[in-house]
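This document starts with one chain, in the form predicted alone, laid out as structure tokens.
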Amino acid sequence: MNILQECMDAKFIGIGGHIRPDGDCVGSCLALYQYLKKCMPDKYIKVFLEKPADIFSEIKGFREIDSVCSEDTVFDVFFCLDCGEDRLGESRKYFEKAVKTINIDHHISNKGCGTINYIKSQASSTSELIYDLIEKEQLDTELAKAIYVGIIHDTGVFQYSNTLPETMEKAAKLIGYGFDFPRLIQETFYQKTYKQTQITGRALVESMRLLDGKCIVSCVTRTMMEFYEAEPADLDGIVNHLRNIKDVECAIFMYQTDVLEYKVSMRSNENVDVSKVAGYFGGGGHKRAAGCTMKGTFYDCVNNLSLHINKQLEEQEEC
């Protein structure tokens, strides 16, 4: 796909990503925004995202993000990045009315929702796909920084199994543009506020092991969120702490979003494909990282999830 060619006749270009945008979503959206603004300065280009965390504020274009979605523009081209149409949130209305829609994603559960679909599940991140699609002579320090942030967040700073040799090669080329990449890694990925550390500690202390210790689950309720004055963004990374516990094959982290409703995040090692588990409950993601929204009591949700996880573990044992 040639991004510039697809946008050649467009006057109004929109870019949207998923609700609760993570580093890859923010990085890919702002990288595409920078690229289009640089190559097509005469066109109207807008990024629509639910307000991202301030840790991404130094990425060029962050201040131009529209989190209100109040305008009535009909876009000639609208990009849906790092998700399917159903997770666009408020910007979905622009996607539905757009003349041409382009879906760029790396989630294995995404079957494509655009007029044009560029979905490569083997890629580490949507940011890496943006790198593949842009003309390399247009790369500069700010654009490289945006792509790099997206890659490090979806690869866990190159520790997840979606990190391929070519991912590392691209990252090496990106840091060659001279930005302070050690500080970016520290400040956007590892550094936590005191509030975040407190609620993470609470979630770890109150975690429970099941399926003979091969699965672990923890939950943060709305009462706990209110006590710590925490937002959903303050819960980032908790599920990875759970997955890193010795002998755990699959980690489940849940937080309450409404009465009898929970947002579920799952991480696994090689014996559990959590994208299949999440897909059964209307969610999706990757083999080792996926999520969904579930209704019911906490115990109902855990029982239903563990049935599917245990089935996969038993199949592995039989092999």
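Computed from a predicted model, the values in this text were never measured in an experiment. In this text, residue numbers run from 1 along the sequence as written.
What comes next is about the form predicted in complex with a small molecule, which is not displayed.
- For the options K170, K214, R87, H241, the one in contact with the small molecule in the predicted complex, meaning a heavy atom within 4.5 Å, is R87.
- A heavy atom within 4.5 Å of the small molecule in the predicted complex is found for exactly one of I65, C69, I55, A289: A289.
- In short, of 27-35, 57-65, 42-50, 263-271 it is 263-271 that has heavy atoms within 4.5 Å of the small molecule in the predicted complex.
- Although the partner is absent from this view, T257 stays clear of the small molecule in the predicted complex, with no non-hydrogen atom inside 4.5 angstroms.
- H107 belongs to the set of residues with a heavy atom inside 4.5 Å of the small molecule in the predicted complex.
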